[in-house]
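This document opens with one chain alone, in structure tokens, the form predicted alone.
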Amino acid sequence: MIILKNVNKYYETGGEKVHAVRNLSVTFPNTGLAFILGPSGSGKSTLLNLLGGLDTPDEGEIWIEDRELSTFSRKDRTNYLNSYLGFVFQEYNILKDLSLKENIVLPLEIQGYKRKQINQKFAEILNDVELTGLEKRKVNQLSGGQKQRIAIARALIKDPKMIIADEPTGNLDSETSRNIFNLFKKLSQKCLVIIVTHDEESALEFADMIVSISPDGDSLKEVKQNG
């Protein structure tokens, strides 16, 4: 369970102090699909950076299960980023010179997993993201939707407890976007998936939880639980 208590974040830009996240208090469950909605400049990406441990709040607390994030040592934070979290971005962030398999298993190779373990986990993940049969394809031979599935598989292969996705369908057509959201919905049965998006229609259709934030006033405008 992820709990934010009265979180505030400020930035200095052009000599002006910007209140990027305002008094945010919200509890995310252990599993399910949560959408974060809001216009540009409302603090959505800043919130993801805070949840991902890439930034720290100026005020307030972020609890990861039973520990407050600010108490993490450098080693704890590295373990949190490498094991607890999986990241999926709009731009895919996959390596063009590598095959589909090489991109997906890269996190495990970096962490020193044995080849047998890597191959076993890869086979499982490939089926989960519906890419079976494309193992040897180069990235330039794949569609946008397939590239995004690679990015999702790369996040999943670490068995994370939380996946954070920043505008994961921003570069995809509507049909492919729907397929990706369906995939996230399926994956959210086993872990928490938090998605930042401008796509309110898809959020209303797929979300178990919606957090809507605004650039003025308190960041947390409303929380809806579906089902």
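Heads up: residue numbers just count along the shown sequence, starting at 1. Only a predicted model underlies this, so the values are computations on that prediction, with no experimental measurement involved.
Same protein, other form: the form predicted together with adenosine-5'-diphosphate (ADP), not shown, and the subject of what follows.
- Within 4.5 Å of any heavy atom of adenosine-5'-diphosphate (ADP) in the model of the complex lies no heavy atom of Asn179.
- Put simply, Pro29 is far from adenosine-5'-diphosphate (ADP) in the model of the complex: not one heavy atom of it is within 4.5 Å.
- Although the partner is absent here, Thr46 sits close enough that one of its heavy atoms falls within 4.5 Å of adenosine-5'-diphosphate (ADP) in the model of the complex.
- Although the partner is absent from this view, Val18 contacts adenosine-5'-diphosphate (ADP) in the model of the complex, with a non-hydrogen atom inside 4.5 angstroms.
- Heavy atoms within 4.5 Å of adenosine-5'-diphosphate (ADP) in the model of the complex map, among the stretches 65 to 73, 32 to 40, 168 to 176, 187 to 195, onto 32 to 40 alone.
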